[in-house]
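What follows is a single chain, given as structure tokens, in the form predicted alone.
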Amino acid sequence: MATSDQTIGVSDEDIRQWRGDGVARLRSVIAPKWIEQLRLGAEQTHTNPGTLSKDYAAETSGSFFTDHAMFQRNDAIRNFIFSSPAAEIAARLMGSRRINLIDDHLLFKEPGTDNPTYWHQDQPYFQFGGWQFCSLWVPLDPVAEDNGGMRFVKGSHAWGKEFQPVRIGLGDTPDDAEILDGPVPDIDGAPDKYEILSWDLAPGDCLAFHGRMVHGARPNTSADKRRRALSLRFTGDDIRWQPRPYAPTDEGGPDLKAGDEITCEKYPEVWTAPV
């Protein structure tokens, strides 16, 4: 479990942006050795996917492959989660003394993939209540507008809303998704109403955003540029178990009751503040 006494690459301005805007672009915070390890683990997973994997573009063009829970079976990805600065970065942004991993999500959007990643929030996909929820999106390839760049609605984490989950590569709402605060607003249909944030990224950069941040990604319209990324969902001190009828990454939930702290084999503690 990583317990270093300093966090590399997170400034006070990054913290202000994460808390105020809902998202911060962090430059060169992941060392090249970690990126190479993640590329190895990602390709191993792509070759030998798990039971939660799917390809959202299977019936269209290109490939939009995703998988979850690699830390349980892939040493390279597990080592990154438990030993890299990633969890401590999330702790500093959230001001948390404890970090749990709740999801590791691999996303491959290959050249010529027409599927966007539809507007959504991360937190409604999981069975947790609380505020300290940070997603870290770690690119393994250069990312720009034409190969699937990420997009964020500035300040949307502070709307006080949790919207219906959608299938991120298809845009439809599953039948068993609870009502919550209704569907995500039509962001693209009202361009003057919302401020959209987006950045080009290089391997070593990452995007950190709140679990209630409305976000999506463009299609990969490039001819030859892959877009591989690992998205890590981390939670902090105030998160408690909150059962929901729709939790797509669950394969049998843990033995928890509403209001319980979540640390268990499925949601391991990956970082604690030094004493």
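The structure presented is a predicted model; accordingly, all values stated were derived computationally and were not measured. So that there is no doubt, residue numbering starts at 1 and follows the sequence shown.
What follows is about the form predicted together with a small molecule, which we do not show.
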Exactly one of Ile77, Met94, Met150, Val184 comes within 4.5 Å of the small molecule in the model of the complex through a heavy atom, and that residue is Met150
Have a look at Ser84, Gln127, Gln132, Thr117 for me and say which one sits with a heavy atom within 4.5 Å of the small molecule in the model of the complex. Thr117
Partner-facing stretch of 210-218, 42-50, 236-244, 28-36, counted where any non-hydrogen atom is within 4.5 angstroms of the small molecule in the model of the complex: 210-218
Even though the small molecule is not shown here, does Asp141 get within 4.5 Å of it in the model of the complex, heavy atoms only? no
Whether Phe71 contacts the small molecule in the model of the complex should be assessed with a 4.5 Å heavy atom distance threshold; does it? no
The small molecule contact in the model of the complex: Leu107, any heavy atom under 4.5 Å: yes
If we define contact as a non-hydrogen atom of the residue within 4.5 angstroms of the partner, is Phe163 a contact of the small molecule in the model of the complex? no
